[in-house]
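Before any questions on how it binds or moves, here is one chain, the form predicted alone, in structure tokens.
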């Protein structure tokens, strides 16, 4: 019987150098889109997919991540005294049950695969999800990970989220070598991390959401280095092809690359326009100035 996915790994140890100087003091995962940090969007997506335990793979200087999901006792007391019920309700959204979050350290920046491997003692022999918080996949009515879980229930094995990217951008991503396609699911025959220009087997690019079987951890434990001299998650996943079902799932929704400055600004604008409280003001400014 196929085990359900109940644990999610969030690799949040990166330095965020593209957002310096802000990330000198603030983890990139805590940069806000409107009024919520990127990490909150990813956690909400995981919860909507039935995930019960969040595993944050952190590094030095990431204490703000732990503080954010803790109870801010003095702030809560002050808001209660002042009758700020709306603000208290907002804070409630950041609270998870005791023990629902676990933190592990990645002591060296050795790649995404290494970060995932650092969570091995918590994921154990269970399947798990991986979410990259700087990829904001926005579909509040049907979040990406929930779409993927439904797809996995049909086919089993490993499922990764993909979207088509322009040919000239394929060198920036893990790219799928596709097999047969049925609806949103495409069989994965191969997986290439950041292929050289003109060599990509398709335009289907991994966009930061994975449902992974536990066998992947043993492959990551071998510590083989790939592109950029790092331990690549895609290289380990590629070794599972042919050993278990492996599919790419074409995600239906908006995607914002918030690891990029332009993508982060675009996300703020797009999500602001959807808000009843600030959307009209933002729309009026855009109309008057652009």
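Numbering follows the first chain given and starts at 1. Owing to the predicted nature of the structure, the values given are computational and were not obtained by experimental measurement.
Another form exists, predicted in complex with 1-O-phosphono-alpha-D-glucopyranose (G1P); not displayed. Remarks below refer to it.
Establish, in the model of the complex, whether 211, 246 and 250 all lie within 4.5 Å of 1-O-phosphono-alpha-D-glucopyranose (G1P), using non-hydrogen atoms for the distance.
No, the whole trio is out of contact, none within 4.5 Å by any heavy atom.
Report yes if any heavy atom of residue 234 sits within 4.5 Å of a heavy atom of 1-O-phosphono-alpha-D-glucopyranose (G1P) in the model of the complex; otherwise report no.
Although 1-O-phosphono-alpha-D-glucopyranose (G1P) is absent here, residue 234 would touch it in the model of the complex, with heavy atoms inside 4.5 Å.
Does at least one non-hydrogen atom of residue 120 fall within 4.5 angstroms of 1-O-phosphono-alpha-D-glucopyranose (G1P) in the model of the complex?
Heavy-atom contact with 1-O-phosphono-alpha-D-glucopyranose (G1P) at 4.5 Å: absent for residue 120.
Against 1-O-phosphono-alpha-D-glucopyranose (G1P) in the model of the complex, would residue 133 count as a contact residue? Criterion: heavy atoms within 4.5 Å.
Flag for residue 133 set to no.
Though only this chain appears here, would residue 203 touch 1-O-phosphono-alpha-D-glucopyranose (G1P) in the model of the complex if you measure heavy atom gaps against 4.5 Å?
Residue 203: no, not in contact with 1-O-phosphono-alpha-D-glucopyranose (G1P) in the model of the complex.
Of these, 120-128, 212-220, 170-178, 137-145, which stretch puts a heavy atom within 4.5 angstroms of 1-O-phosphono-alpha-D-glucopyranose (G1P) in the model of the complex?
Among the candidates, contact is made by 170-178.
Among the candidate residues 194, 189, 150, 84, which is the single one with a non-hydrogen atom no more than 4.5 Å from 1-O-phosphono-alpha-D-glucopyranose (G1P) in the model of the complex?
Looking at 194, 189, 150, 84 one by one, just 194 meets the 4.5 Å heavy-atom criterion.
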